[in-house]
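Only one chain is shown below, in structure tokens, and it's the form predicted alone.
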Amino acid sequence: MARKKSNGDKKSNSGAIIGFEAKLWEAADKLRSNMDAAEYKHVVLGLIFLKYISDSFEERYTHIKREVSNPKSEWYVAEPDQQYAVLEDPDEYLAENVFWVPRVSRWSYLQAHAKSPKIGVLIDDAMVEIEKCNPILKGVLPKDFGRASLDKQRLGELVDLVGGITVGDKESRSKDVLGRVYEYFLSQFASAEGKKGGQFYTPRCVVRILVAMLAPYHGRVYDPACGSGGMFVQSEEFVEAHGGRKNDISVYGQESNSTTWRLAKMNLAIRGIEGNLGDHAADSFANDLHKDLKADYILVNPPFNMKDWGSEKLRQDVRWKYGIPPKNNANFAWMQHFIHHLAPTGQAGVVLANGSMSSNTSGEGDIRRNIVEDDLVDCMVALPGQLFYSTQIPACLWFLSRDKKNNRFRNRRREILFIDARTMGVMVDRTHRELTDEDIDRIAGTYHAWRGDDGAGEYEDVPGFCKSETLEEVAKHGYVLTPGRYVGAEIVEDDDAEPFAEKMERLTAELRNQILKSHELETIIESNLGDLNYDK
């Protein structure tokens, strides 16, 4: 399945770039004025969320109204007062998993007051009423649109702009237009915020690799550093794309940043995903909200090289089976937290800084050796640089498997697959790179062929790209897991079939011909100089 590198056309994997989102972003960004991107994010994404649930409500409202007004319908109600009572009955909406939206929270009401100087207060009131009527959203929605520092004229223009997004018709809903706009804005805000943006957003192509490699068809999916919930969104999309249903997987997450936690709750609500993110933001180390969870799949992008993670209070923690993590770097605290939560046949895909593959400081080498010797490491992937908004630190992917001989795949105990993808991807702007669909397919296909997935083809080592190695060989390298150590150099094919002697004869003749022409040019130049009285 693994094959040679291709230099052919590569399709960009920016799933967000599908149409009008870029124009919408440009228009919204013009209204930003002097507001910081981190602050503006909550204004825009809050309005997009409000528009989404209002549209869903209106669609249901229109359907009910059509039915209660139709004498041929079994829902028909003759009296106008009774029709109104049915239309304004929250149960008629909640029963169909549609958020109940009070009158003062409906988009039509807010857009009618978009030019009012009180528009900020009206939006805040709308958010409060929605939370009252839908307990699942309690404490989630932003409610500071009325603050004095927010320009109400620009806010009204933004309401008009978001109101112009067509999502109510069947076609737009089938394309998940608002969900994709939401993701596009998340990625753009991550880019605008630079380093801080990485706290809530993992680039889509990186998430897609994790999902494509692990193929989470069903079971419990867990992300203890879930950011805005991108891992869950992609997992759900994967399940549906492969003929499954959303409820084939159960979603568990945790996020320590309270504003990011709210973003995740809204992101899942827009997608119709019922996830357990706890009822508040919390640190996975100090306050594990899912202590008893054993997950079938863990997909996670924890903060790189995190310092001050509270190690002093956790020295005797049950999670440190493979060694006490250093107090000034949480990489192997995270790794052991993930392992602790893996089910007996569970698998994990983890994004970490490259240093985790080779560091020997503060006991990290010993922890890595213990994890390798316990035969938990299934595959290592070295990523190209410039994939992340938050850091220029080179990153890699760890794939862990609790049971490398389970019946779903071939027995691959005491083996590790190494993939070097550092030369893959295309630059999408001056500073950011993306992996293409072709890149993702090649990486995931190689892993599946090596693992023995049905229909994945036959695996073979490819110099410079992939190598299947034994733990004994890894031990000889001091348990360093950097793929470049194992895959070797790429074989460059020499497509020059011309025999050496013939090639030299041809090139010599060409050189002599060029020398002869140069003498002719010298003669012409001297003659011209003479005509200008500049001869010798």
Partner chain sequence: MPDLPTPQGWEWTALSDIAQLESGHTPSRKHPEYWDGDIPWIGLKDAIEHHGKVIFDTYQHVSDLGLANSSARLLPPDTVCLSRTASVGYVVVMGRSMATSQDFVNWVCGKKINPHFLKYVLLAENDALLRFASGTTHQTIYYPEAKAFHVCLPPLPQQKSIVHILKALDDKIELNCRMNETLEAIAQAIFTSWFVDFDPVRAKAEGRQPEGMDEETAALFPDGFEVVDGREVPKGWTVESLDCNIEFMNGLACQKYPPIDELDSLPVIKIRELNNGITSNTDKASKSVPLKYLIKNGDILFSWSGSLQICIWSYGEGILNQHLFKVSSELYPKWFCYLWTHHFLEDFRSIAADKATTMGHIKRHNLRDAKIIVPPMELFSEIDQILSPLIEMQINNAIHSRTLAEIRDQILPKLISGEIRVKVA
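Positions refer to the first chain, counted from 1. Nothing here was measured: the structure is a model prediction, and the numbers come from that model. Here, rigid core means the biggest group of C-alpha atoms that superpose within 1.5 Å across both forms.
Beyond the structure shown, there is the form predicted together with the partner chain, which is absent from this document and is the topic of what follows.
In the predicted bound form, residue 422 approaches the partner chain with a heavy atom inside 4.5 Å. Taking the partner from the other structure, the partner chain in the predicted bound form has a heavy atom within 4.5 Å of a heavy atom of residue 484. Residue contact with the partner chain in the predicted bound form: residue 476 places no heavy atom within 4.5 Å of it. Within this chain, residue 503 lines the site of the partner chain in the predicted bound form, having a heavy atom no more than 4.5 Å away. Shown alone, this chain has one stretch from 468-476, 49-57, 65-73, 504-512 that lies within 4.5 Å of the partner chain in the predicted bound form by heavy atoms: 504-512.
If you take 122-158 and check each residue for a heavy atom within 4.5 Å of the partner chain in the predicted bound form, you get nothing at all. Core-superposed comparison between this form and the one not shown: the CA of residue 476 stays below a 2 Å shift.
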